[in-house]
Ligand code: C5P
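Single chain ahead, by itself, as structure tokens, in the form predicted alone.
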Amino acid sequence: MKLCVALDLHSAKENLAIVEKLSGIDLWFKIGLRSFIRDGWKFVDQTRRVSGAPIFLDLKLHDIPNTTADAAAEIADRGIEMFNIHASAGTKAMEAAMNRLHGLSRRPIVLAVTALTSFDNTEFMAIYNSPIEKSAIDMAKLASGAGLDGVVCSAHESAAIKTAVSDRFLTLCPGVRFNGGGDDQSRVATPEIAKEQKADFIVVGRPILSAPDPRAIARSLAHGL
């Protein structure tokens, strides 16, 4: 299981200070919508130069097939190691992206977003008219059929998805908290639970970013996974 640190602070300067502190630890960095919209590819390149760590670009592509494929190609052209597409964009969009990436000597890992970890079952049912775990498994099967490498899901769905698809099908799990507390996340888990549920990646943000010694926490997590 690999640690992925979310760079979600108020400025590129603050994010890069964290990147410098964590340099040399075996981990990934996640760059999401806030940081990417504000700081763009310049920040992605700075993060890579400072750390040398692989990048997970968390933009959750969700559009018509051709647009999704075009965006996937641009991301791959930038040398990004991993990115994601909303499974809700549908099989055609996922297949279009993978077809566009086919034949690259080094293509990114591509994950499908299932159910956001901010959803509880009531809110999810109101939108998708299906229980979370069933939908997460169904979306994982669609993503696997479209050729994707894995999914973004809650740790609580990880083992069930691997049972339904394959142990080699990757699961990346946000919403990881040391005490299980959730702020704006509903389906949270501790690192221990994520490991029990066979997660391949865990995303940790605030528990590391707000720690008095972020490097000590990240190193302890990375070495203990």
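Since the structure is predicted, the reported quantities are computational estimates derived from the model, not experimental observations. The first residue of the sequence shown is number 1, and the count goes up from there.
There is another form of this protein, the form predicted together with this ligand, and it is not shown here; the text below is about that form.
The shortest heavy atom separation between S135 and this ligand in the predicted complex exceeds 4.5 Å. Among heavy atoms of P214, none comes within 4.5 Å of this ligand in the predicted complex. Contact check for P174: a heavy atom falls within 4.5 Å of this ligand in the predicted complex. Under a 4.5 angstroms non-hydrogen atom cutoff, this ligand in the predicted complex has V203 among its neighbouring residues. Heavy atoms within 4.5 Å of this ligand in the predicted complex belong, among the stretches 35-43, 158-166, 53-61, 190-198, to residues of 53-61. Just one of L116, A76, M98, I109 comes within 4.5 Å of this ligand in the predicted complex, counting any heavy atom, and that one is L116. Along 131-154, one residue reaches a heavy atom to within 4.5 Å of this ligand in the predicted complex: V152.
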